[in-house]
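Shown next as structure tokens: one chain only, the form predicted on its own.
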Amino acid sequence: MPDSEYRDIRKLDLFAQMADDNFTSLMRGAYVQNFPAQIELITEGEPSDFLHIVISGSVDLFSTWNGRETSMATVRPISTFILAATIKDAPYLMSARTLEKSRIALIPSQDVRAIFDADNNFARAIVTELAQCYRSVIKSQKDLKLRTSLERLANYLLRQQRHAGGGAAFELDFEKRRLASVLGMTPENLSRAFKGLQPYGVSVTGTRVSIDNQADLERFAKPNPLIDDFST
């Protein structure tokens, strides 16, 4: 592994406070691999043999059941997935595939568990990250269960606008079919939802969105940090 990538991984909150010797031991069995787009990295139900770290590119976490598929989350650099399965030595609950050419570090799960037992700072960092993941799941469930499809789309657009710098026009993170899956609706319902937001100043061309009446959209969406702020 190149020194620059080694240092980048060391800076992650998960590893930043652990002892140098323990970090060296953890990374001894790790390796980095390049993957082209649309490669399935892990499959739900399989043993969690590795903790994965996205160094470059992006990864789609998804699940399937009874012929249906849904996107659960997008992982971008530099971050890990799926930590809970690694710690519990349990099967993956989601599959993962690359969305673009990606560089992934793989750390053997048994090494992660061994250092978890040996390094208190690493153990605390893992608990903190798992707590953050739990809070994000609760917020996602509240968004799905308490809001209509129109309200979910409106609040997603406001979050994406902030992420893009706050301008009136911005690009969606991904194509509309995948956005529909992330928001828990069909592509047809997403198309109707975009049309339903037109009276609030929203227009869309391809993946480019324009918000012409910010105040109207915010009054309709009623954004709530207890649902929409995924940083806390």
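Start at 1 with the first residue shown and count on from there. Not measured: the values here are computed from a predicted model.
Below: the form predicted in complex with a further copy of the same chain, not depicted.
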property: 4.5 Å heavy atom contact, L14 and a further copy of the same chain in the model of the complex; result: no
property: Any non-hydrogen atom of E69 within 4.5 angstroms of a further copy of the same chain in the model of the complex; result: yes
property: 4.5 Å heavy atom contact, S181 and a further copy of the same chain in the model of the complex; result: yes
property: Any non-hydrogen atom of E44 within 4.5 angstroms of a further copy of the same chain in the model of the complex; result: yes
property: Single option in Q141, Q160, Q110, S79 placed near a further copy of the same chain in the model of the complex, where near means a heavy atom within 4.5 Å; result: Q141
property: Among the candidates S63, Q33, S56, S191, the residue which, in the model of the complex, approaches a further copy of the same chain to within 4.5 Å (heavy atoms); result: S63
property: Residues from 81-99 in contact with a further copy of the same chain (non-hydrogen atom within 4.5 Å) in the model of the complex; result: A84, A85, I87, K88, A90, P91, Y92, L93, M94
